[in-house]
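First, one chain by itself in structure tokens, the form predicted on its own.
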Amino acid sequence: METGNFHHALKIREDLCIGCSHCMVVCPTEAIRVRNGKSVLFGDRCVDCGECFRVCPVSAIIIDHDDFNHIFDYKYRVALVPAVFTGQFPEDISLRQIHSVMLELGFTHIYEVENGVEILSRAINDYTESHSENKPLISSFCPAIIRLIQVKFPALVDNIIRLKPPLDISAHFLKKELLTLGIPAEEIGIFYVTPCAAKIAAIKDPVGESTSPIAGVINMDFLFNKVYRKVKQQNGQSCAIPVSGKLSGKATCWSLTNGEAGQVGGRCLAIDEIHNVIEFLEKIENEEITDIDFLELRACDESCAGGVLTTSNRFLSVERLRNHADSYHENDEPAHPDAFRKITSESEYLNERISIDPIKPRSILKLDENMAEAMKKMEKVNRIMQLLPMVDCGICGAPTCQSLAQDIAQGEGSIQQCIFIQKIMEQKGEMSLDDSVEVMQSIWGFGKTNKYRDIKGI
């Protein structure tokens, strides 16, 4: 089992945080606590799904991405663009306009991520046939889901398909193509335009491989606004820049819900939104659901179209992309034969690099590496749970009574944090009102408790 923290793209700005606990409540892995009036991230639990980012009312949670000017550190600047980026723009803005503006902004090459689907789709079907003993096999597309399984469902890590997503396949192809042209490796910078925080973390700290061929990550929201503003300034005029070609319908929809599962043989299900995924994986782990061959699991509602760094309404983005797909070849032949032939001509090279190493569990359920100590802590958790009210009010600064019990067993909390326990101790004379206030201040900060000091006249 791996130890240590993941790299995290999500950061909490203490200077902006008001300790409202919105983030703590929605976190699917209970990775956030409130201490001294500020949210605190438990790095070993966080999967970078971005749910906290969505609900923060004061924008105190930020996503740490690369500065756009970082692209100019390289002579050859490649933008790896997912189809969902195109889906952010209204129908009256063409792919040619989008690519033209991106080249004006400084990129020297533009390549659509889902070109890698042509290699991956074949590899997945081969993999499912040769690994039928690990059913249900789980897609490796969404990095937030991979981390979720590592920390919350460690028994299922062997079910994850050990194949790279289209992003990495396309990056390997591009790097080889440019190197073949005689371009030095140090002059090549490949930058991914990301719709979410999890893919930033996955590139900076890849699971199942040591390094990524991608040099940096660009915030999709930032780039969309930059491109959209410039397109509007041009009043519909764009340079006559040749477009690399349209993706096939299959590739266009790959990052949407059911885009991947629809291309895999056998009984396949597609489930999106991380809480839905957790509910389903619990049933899989408990063997309540069986006889499924393949699971496409995505952390965001409507998959990548609902990423936290997208700008457009996710349902409109999905509609646009499906319309694009319908306008291409309905028989799933490549819409741009040259692009298809180029990447498939490198099938042997890419298939040699498509696999990832075994994914190791990083369970948050394991209380200690030493089995004897872990058993003692589990017994302590069970004893504490019998004392707690099990109302999950969050006033203790932990999301649930169980998480507070685990914090106490790990030496990271106190039973006096529970407001119900405080009142019982006050009644028994074991705790003074001042002591109770002091505990609340250690959780929610001085400001929240001090404002109620003089309430007699109210």
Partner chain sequence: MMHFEFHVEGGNFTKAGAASSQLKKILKQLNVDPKIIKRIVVALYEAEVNVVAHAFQGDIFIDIDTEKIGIKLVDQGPGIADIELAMQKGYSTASSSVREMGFGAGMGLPNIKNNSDELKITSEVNVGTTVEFVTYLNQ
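Numbering follows the first chain given and starts at 1. If you're wondering where the values come from, they're calculated on a predicted model, not measured in any experiment.
The protein also exists as the form predicted together with the partner chain; that form is not presented, and the subsequent description refers to it.
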{"item": "Residue stretch of 176 to 184, 346 to 354, 285 to 293, 100 to 108 approaching the partner chain in the predicted bound form, non-hydrogen atom distance within 4.5 Å", "value": "285 to 293"}
{"item": "Candidate from Lys250, Arg320, His172, Lys152 lying within 4.5 Å of the partner chain in the predicted bound form - any heavy atom", "value": "Lys152"}
{"item": "Interface residue in the predicted bound form among Leu316, Leu269, Ala374, Leu387, criterion: non-hydrogen atom within 4.5 angstroms of the partner chain", "value": "Ala374"}
{"item": "In the predicted bound form, Thr29 touching the partner chain (heavy atom, 4.5 Å)", "value": "no"}
{"item": "Asp158 within 4.5 Å of the partner chain in the predicted bound form, heavy atoms", "value": "yes"}
{"item": "The partner chain contact in the predicted bound form: Lys366, any heavy atom under 4.5 Å", "value": "yes"}
{"item": "Gln417: touches the partner chain in the predicted bound form, heavy atom cutoff 4.5 angstroms", "value": "no"}
{"item": "Residues in 386 to 421 close to the partner chain in the predicted bound form, defined by a heavy atom within 4.5 Å, in order", "value": "Gln402, Gln406"}
